[in-house]
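To begin, one chain is listed below as structure tokens, in the form predicted on its own.
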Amino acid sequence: MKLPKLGVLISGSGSNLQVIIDQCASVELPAEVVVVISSRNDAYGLKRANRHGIRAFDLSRNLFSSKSNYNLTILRILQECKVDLVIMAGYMRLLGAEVLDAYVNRIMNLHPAMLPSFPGAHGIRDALEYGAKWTGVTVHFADADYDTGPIILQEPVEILSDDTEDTLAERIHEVEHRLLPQAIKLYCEGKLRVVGRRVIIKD
């Protein structure tokens, strides 16, 4: 059986990337990571990809003359690698229409909060500073705006009275490492259907 091919976009350590790679290798996840693209040349996730023999690209934004050229390069790499599903795992940039239009409902984003609460780049810090009692993790399909696409899966995380940003982030990452592979698996098994803003999960 032909396994769906995953392209993973990162900006940092790539801990979620590592979980995906490990689950693909153990056949828990019926997919294959074929390419990793980073928005930063110092992202440790690039080393993770290299360690596993996965094609890896440093596409720092400052290497490109325009956003359009940047996004067209991402699209070219994804298409050359015959990627079926794109995973934004800690990718800290907004994808342009060049990529979004080619992969409608085939780009998953991971966010460390219960959307629509606390969108943006600092979801963990914002929930903590707001004094919220609960936050969580959201996996959703990406669209043209930050953190607004149809929601696939969510799981809450309690904010404890003595939490710091680091302690809360640690518990959120534990949930991310379960929830993102679960969402990918549902997609690979053909169990996700998007109807308007709703994602229907088939039994």
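One-based numbering along the sequence shown. Just so we're clear, the structure is a prediction, and the values are computed from it rather than from any experiment.
Only in words, not in the display: the form predicted in complex with a further copy of the same chain, which the text now covers.
Undergrad: Though a further copy of the same chain is not shown, can you say which of L100, M114, C81, L75 has a heavy atom within 4.5 Å of it in the model of the complex?
TA: Only one listed residue qualifies here, and that residue is M114.
Undergrad: Within 4.5 Å of a further copy of the same chain in the model of the complex, heavy atoms considered, which of Y44, F57, F64, W134?
TA: Filtering the options by heavy-atom distance leaves W134.
Undergrad: Using heavy atoms and a 4.5 Å cut-off, decide whether F118, L128 and I152 all contact a further copy of the same chain in the model of the complex.
TA: Answer is yes for this spot.
Undergrad: Is N50 one of the residues lying within 4.5 Å of a further copy of the same chain in the model of the complex, judged by heavy atom distances?
TA: Contact check for N50: no, nothing within 4.5 Å of a further copy of the same chain in the model of the complex.
Undergrad: Does a further copy of the same chain get within 4.5 angstroms of any non-hydrogen atom of P30 in the model of the complex?
TA: No, no contact at 4.5 Å.
Undergrad: S68 versus a further copy of the same chain, in the model of the complex: is there a non-hydrogen atom within 4.5 Å?
TA: No, S68 stays farther than 4.5 Å from a further copy of the same chain in the model of the complex.
Undergrad: Is there a non-hydrogen atom of K2 within 4.5 angstroms of a non-hydrogen atom of a further copy of the same chain in the model of the complex?
TA: K2 lies outside the contact set for a further copy of the same chain.
Undergrad: In the model of the complex, which of 141-149, 22-30, 35-43, 169-177 comes within 4.5 Å of a further copy of the same chain (heavy atoms)?
TA: Contact criterion met by 141-149 only.
Undergrad: Which residues from 12-35 come close to a further copy of the same chain in the model of the complex, meaning a heavy atom within 4.5 Å?
TA: Result: empty, none.
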